[in-house]
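Single chain ahead, by itself, as structure tokens, in the form predicted on its own.
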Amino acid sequence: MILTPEEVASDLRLEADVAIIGSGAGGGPLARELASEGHRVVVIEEGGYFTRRDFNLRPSEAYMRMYRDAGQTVTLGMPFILLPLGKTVGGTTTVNSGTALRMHRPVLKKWQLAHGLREITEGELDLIYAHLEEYLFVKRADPEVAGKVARTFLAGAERLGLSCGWLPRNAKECEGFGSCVFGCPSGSKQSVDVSFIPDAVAFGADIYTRCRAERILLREGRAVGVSASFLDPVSGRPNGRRLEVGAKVVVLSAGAVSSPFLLLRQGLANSSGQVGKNLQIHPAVQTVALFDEVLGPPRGIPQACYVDEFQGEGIMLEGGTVPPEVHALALPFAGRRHASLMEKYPNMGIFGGMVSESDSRGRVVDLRRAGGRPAMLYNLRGRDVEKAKAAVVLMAEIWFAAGARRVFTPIAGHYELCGPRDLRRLERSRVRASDFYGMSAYHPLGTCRMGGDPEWSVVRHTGETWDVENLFICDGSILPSSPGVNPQLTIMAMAMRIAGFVDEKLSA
């Protein structure tokens, strides 16, 4: 069952086979698989539980209720980068665009050769991917539902002869409300909250919502449970009631920010010194185009199509449409200029470019002086700055090929491009990290990385930590490097794989 703090009248002490911290792309599939094998599963989730009745197409309310820090989580460095993180049952899968891509073969080869993960084979992953794609109804976006913004951008890419197409998504009969990142009001998107979690509950798992895990309990070097506090739904502070779960196995699935933070606070599983380090975040830039014709946003799919011509160089373009409240933040202007452009919102399209880092890395730290909060230190550096600029130039080329009258970019000194001459000037310019306006990022990864060497990794290929027996980690933090694409399907695949090793441990 799914329980809220209001349904808990006093402190609780429970016994379980498995205690899972977090219910996102790692924790949700793991809970379903282990519960289906007959294990007693308890999931502890800091966020609330929301259903399609709560998804009212109002971004401001969604940010306040379903995102960490009301959607204002940022990295500290140059430049400041907005990094939205979900805080709800289903984790960020509840508030993402639903893109479901497989990791490419060269990335897996890198994991095998550079990180010693030869036990993870291409054949095994392909079988898991195929199972997930069937379970989650993964299929390509329907061009008719995708919206005119996506169709227009794709037409421009095709005119330039670029490799492009429609993105696969975990959506069943999508209706194109354009609000995937604020919760799917039709229930079409098969995020963890509407797929794995209901199945886990049907198999007997218990989900405790608005409950913050605070400590992993240890005995003789083994993980034996979790201590947590229930939270007030309004203030988000502890309400005085506590939950303690005794468990044979503890799985940390709180994400690439909160998982290392919990370990750092307790000084756990860090003999390698790698906990919190190696943070990668897929920095993203956006462009906005103005057309003479009406494009009709936000109707459509927020992330419907892609251009992967330069994916080998670390540049992936993905996008489609956003509602006006979000669109307004992408325009690098203020006052009357901003207002006059927003009046033309129906004639505008927005598209994003995602960078796989070469030179940039960050880390998660514990800000004890700020009340004990995690912080992400990150600087965009070297070739990654050039990649971000190249992504902007490429998107502008495509918009103009599609017939745009003007293109607005996030790069200082080049906020408005009126044609090829402005575009060539941007191409020749030297751009610094500080020149980017409103940069965002997604998919934090790597902060508890998996590997074959305990001196350079935090967990084994099984997901179990090298240092603490019966403590597993199962989320984006264990991916040793960026998969180069949206990682939710790969995180789910790792969860399915790790579930087998947890099951073996419990059965033994």
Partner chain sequence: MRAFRETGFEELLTAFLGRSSILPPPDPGGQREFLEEYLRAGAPEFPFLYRACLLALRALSLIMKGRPFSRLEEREREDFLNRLLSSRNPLLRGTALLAGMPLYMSYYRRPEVSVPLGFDPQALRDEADLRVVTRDRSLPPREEGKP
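Positions refer to the first chain, counted from 1. Computed from a predicted structure; not experimentally measured.
The same protein also has a form predicted in complex with the partner chain, omitted here; what follows describes it.
- Not displayed here, the partner chain is approached by residue 325 to within 4.5 Å at the level of heavy atoms in the predicted complex.
- Although the partner is absent here, residue 61 is a contact residue: one of its heavy atoms lies within 4.5 angstroms of the partner chain in the predicted complex.
- In the predicted complex, the partner chain sits within 4.5 Å of a heavy atom of residue 435.
- Mapping the unseen interface onto this chain, residue 69 counts among the residues with a heavy atom inside 4.5 Å of the partner chain in the predicted complex.
- Exactly one listed residue, out of 222, 109, 159, 172, brings a non-hydrogen atom to within 4.5 Å of the partner chain in the predicted complex: 172.
- Note on the partner interface in the predicted complex: the residue among 140, 299, 118, 241 having a heavy atom within 4.5 angstroms of the partner chain is 299.
- Of the candidate stretches 244-252, 424-432, 118-126, 97-105, only 424-432 has residues with heavy atoms within 4.5 Å of the partner chain in the predicted complex.
- With respect to the partner chain in the predicted complex, the three residues 147, 310 and 484 uniformly fall beyond 4.5 angstroms at the level of their nearest heavy atom.
- Contacts with the partner chain in the predicted complex, taken as any heavy atom within 4.5 Å, map within 154-187 to 172, 173, 175, 177, 185, 186, 187.
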